[in-house]
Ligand SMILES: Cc1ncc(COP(=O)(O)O)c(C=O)c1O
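Next up is one chain by itself, shown in C-alpha cells, the form predicted on its own.
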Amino acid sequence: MERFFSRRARTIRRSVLRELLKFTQRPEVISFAGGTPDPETFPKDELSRIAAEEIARNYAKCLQYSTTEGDTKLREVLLKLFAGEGIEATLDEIIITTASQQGLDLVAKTFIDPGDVVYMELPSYIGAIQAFRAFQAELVGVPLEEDGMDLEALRERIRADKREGRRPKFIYVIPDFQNPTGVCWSREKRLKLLEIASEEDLLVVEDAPYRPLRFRGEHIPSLKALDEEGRVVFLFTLSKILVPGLRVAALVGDREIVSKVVAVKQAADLCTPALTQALAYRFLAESDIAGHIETIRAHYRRKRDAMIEALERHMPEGVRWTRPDGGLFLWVALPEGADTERMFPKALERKVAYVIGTPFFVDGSGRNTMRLSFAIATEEQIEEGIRRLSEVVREELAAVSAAAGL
C-alpha cells in the first residue's frame, strides 16, 4: 500500500509519546507519563447541568453546524478573558479551533512551505514537532536555559541560515511552564525575543496552554500582550482549566493571518462543534472562573510539592530536576551516559512510567532526560512512584559507572 501514500504521509510517524502511553494504561502502573489534567478538577456537575439545558432549550443551534470562526459569544467572552491579561484583540482577530493541537496544524498549513526553517526550544513540545514536520519544515532547536531560550544562539542561527540561503519563517515557543521542562521565560527574554523577531522579520507562535496554571511567583505578561507589531500568533486552550474533552481552543493573531487561518480550517473540519462551544461559553460566562482556576492551582501546587519532596528524598546524587512555578510537568536530567529509553522497560517492571526525553529534542539528543507529570497521580502514588523510579535510576547509574570502569 505504500505506493498510494503521498510524499507527506510517508514522512509522518506516529507520536512516540502516544505509543509509549499504551504501556502505561495498566491500573497497577503509577504513571507520570501523560500530560492529561486530573479529572478531579473537572466541574462535572456544572457541565452536566449546562449540557442538559443547552440540548433541551437550544438544540436547534447547539446541535447544528457552527461558523468556521466560532461562536460569537464564546469569542467575546474569551477576548474579555484575554483583555484581563493585556491582550487587546477584536472579533476578526480570533478563531475557535478544535483544541490547540488543531491550532498548531493550522499554523503549519498556513505558514510552512517545504524547507522553511522553524526555530523551537530544545527540548520542545512533541505535538508541535509532529505538526511542523508533517509539512516538511526544517526544525532547529535552540537550547533552553533556566529563564528561556538562549537568544544569542537563536540570533546567530537565524543569521547563519539567511547567509546560507535558507528560509526562516517563525519561532515557536511555550513561554509559560513549558512542556516538557516546566521552565518559565523571564520578562527580559520575552522582550528580547520580540526584538529579534522584528529585526529578522519573523513571526512568533506563542503556545500558552499552561499559562493560567501559575501557582507561585511573579505574573509575567504574555508575548502577545507585549507584542506591538502584530508578529505574535497566540494559541490558548480550555483543556487545562476546564476539560480537554470539549476540545475547545482559540488562535489570536493579526486579522489578515486569522482570515487565512479561517480559509485553511474550512478545508479541515468546517467548524468546531457547536455543542462544545456552547458548553464552554456558558461555563465561562456564568461560573466563577477565577475561583475555579485558583482551586486548580492549589490542587497542582500540592502535587508539585509532593513530587519535588519525593525526588529530594529518593533520587541519588547527580540527578537534577526543574522546580516549576506552574503547569503540569517537571524535567529530570540524569548524569551523562544514562539512557532513559533503556531504563523504560525496567521502570515498567516496577510498575512506574515516565516519558523518555529524546522525542522532545529535534536534534535527537536528550537521552539522559525524562519528563514527569504530577497531574494525575495522588500524593501517595507520587511518593511510591518516585521511590520505585529511584531504584531504576540507581541501577542505570551503576551500570553506566561499571561500563566506564569507575
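The structure presented is a predicted model; accordingly, all values stated were derived computationally and were not measured. We number the residues from 1 along the sequence you see.
Below, we refer to the form predicted together with the named molecule, which is not included among the displayed structures.
>> Using a 4.5 Å heavy atom cut-off, which of 169-177, 108-116, 258-266, 289-297 contacts the named molecule in the model of the complex?
In response: Only one stretch passes the 4.5 Å heavy-atom test: 169-177.
> Wondering, does residue 207 line up within 4.5 Å of the named molecule in the model of the complex on heavy atoms?
Replying inline: Yes, contact at 4.5 Å.
>> Can you work out whether residue 81 and the named molecule are in contact in the model of the complex, taking contact to mean some heavy atom pair no more than 4.5 Å apart?
In response: Answer no; every heavy atom of residue 81 is more than 4.5 Å from the named molecule in the model of the complex.
> Taking heavy atoms and a 4.5 Å cut-off, does residue 104 contact the named molecule in the model of the complex?
Replying inline: Result yes; residue 104 sits at the interface with the named molecule in the model of the complex.
>> Test of understanding: in the model of the complex, would residue 231 fall inside 4.5 Å of the named molecule by heavy atoms?
In response: No, residue 231 stays farther than 4.5 Å from the named molecule in the model of the complex.
>> Suppose contact means a heavy atom within 4.5 Å; in the model of the complex, does that hold for all of 125, 240 and 247 with the named molecule?
In response: Yes: each residue has a heavy atom within 4.5 Å of the partner.
>> Please tell me which of 274, 220, 306, 99 lies within 4.5 Å of the named molecule in the model of the complex, judged by heavy atoms.
In response: Of 274, 220, 306, 99, the residue with a heavy atom within 4.5 Å of the named molecule in the model of the complex is 99.
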